[in-house]
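Coming up is one lone chain in structure tokens, specifically the form predicted on its own.
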Amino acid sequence: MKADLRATPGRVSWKNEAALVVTAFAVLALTPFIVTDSYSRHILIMAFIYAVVASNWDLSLGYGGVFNFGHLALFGIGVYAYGLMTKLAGIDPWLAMALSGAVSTIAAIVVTIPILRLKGIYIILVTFGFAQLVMQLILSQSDYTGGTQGMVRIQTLYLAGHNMIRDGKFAYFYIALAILFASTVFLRLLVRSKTGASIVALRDNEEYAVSRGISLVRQRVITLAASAFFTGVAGAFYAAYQRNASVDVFGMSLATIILSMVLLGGTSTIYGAIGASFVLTIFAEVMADFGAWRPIITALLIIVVMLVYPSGLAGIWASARASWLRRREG
């Protein structure tokens, strides 16, 4: 008899989860009316971008168990695809943003081919090599990509009759929030579907899952491709928002930040990575006056949380929710 995932003990129902998500994003949508200075809005916009990238990485790393260390390359591909399409090809910025997601998805499928039968450290090496290959390709085509100097004056997004440059980042805030909302809904629909269950089954016991008829090749392609689209869209939005592209997006510094968000939030949660993106982005800004001590303090915060709650912020939330339910039932 097939198990009814909706009736799994401790699992939040679709209705309750949807209500919580809508409420959370409704609160975020009101933020610009409370936070009126453009710099604070900028911090939140960057948190939205990081949240999209981190939560999609959680799909392949957490749910899929695929140590894809080329995930940030998909973000970088989105950045440069948008820049090249709008600046050199003259494609409409909105269309270019969607196409950038498609390009990143294609790149994810390409990198999936050599890792279909690999495990552990070998996947890390291949995906890391893929990221370095993409960076070197961009550097070698300096006539188009700007090489080490990057691309500048990239076409920004537009809204008819609205000046997005002088609105205190009001429009950019809502565009970034919309991308995060769409990405979150997509990821949660996927992980709660039969496809999501098969992805987790392969992660937990590959041999048994394959023996039950689950295709390793198909599910691995789906996992990496699904984690790539909104990552590429976030990269395109980042390029439009910053109006420049740099190979720094392929660097270990950004990769470390995003990976810290995934681990601090708690893998296999989606929401944990999103929450950690807000915590670390805002915390890093609050610690700005500490200079060189800022990354050290941030690292200590992550270590303390992981020692107390190995499952991260999601573990803290689950523990608090369980305590509340016990008190209510008692």
Partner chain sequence: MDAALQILFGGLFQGSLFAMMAVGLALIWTTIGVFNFSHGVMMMLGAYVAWQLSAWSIPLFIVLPATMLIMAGVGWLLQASVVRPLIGRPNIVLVVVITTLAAASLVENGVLEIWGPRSKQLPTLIEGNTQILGVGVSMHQIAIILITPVILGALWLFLNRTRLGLALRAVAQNEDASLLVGLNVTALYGLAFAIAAALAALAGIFMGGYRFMSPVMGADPLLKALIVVVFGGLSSISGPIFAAYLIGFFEAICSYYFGLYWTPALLFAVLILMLMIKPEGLFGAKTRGLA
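So that the term is clear: the rigid core is the largest set of C-alpha atoms that superpose within 1.5 Å between two forms. For clarity, every value in this text was computed on a predicted model and none was experimentally measured. Positions refer to the first chain, counted from 1.
Another form exists, predicted together with its partner chain; not displayed. Remarks below refer to it.
Every member of the trio 122, 128 and 296 reaches its partner chain in the model of the complex with some non-hydrogen atom inside 4.5 Å. For the candidate set 215, 149, 193, 136, a heavy atom within 4.5 Å of its partner chain in the model of the complex is found for exactly one residue, namely 136.
Checked against its partner chain in the model of the complex, the residues 185, 252, 106, 88 give one hit for a heavy atom within 4.5 Å, which is 252. Look at 201-209, 227-235, 106-114, 149-157: in the model of the complex, residues with non-hydrogen atoms within 4.5 angstroms of its partner chain sit in 106-114.
By the criterion of a heavy atom within 4.5 Å, residue 306 is counted among the residues contacting its partner chain in the model of the complex.
At a distance threshold of 4.5 angstroms between non-hydrogen atoms, residue 35 is out of contact with its partner chain in the model of the complex.
Among heavy atoms of residue 29, none comes within 4.5 Å of its partner chain in the model of the complex.
Of the heavy atoms in residue 282, none are within 4.5 Å of its partner chain in the model of the complex.
Shown without its partner, the chain has 252, 256, 259, 260, 263 in segment 243-273 as residues with a non-hydrogen atom within 4.5 angstroms of its partner chain in the model of the complex.
Taking the rigid core as fixed, one finds a CA shift for residue 286 smaller than 2 Å between the shown form and the other one.
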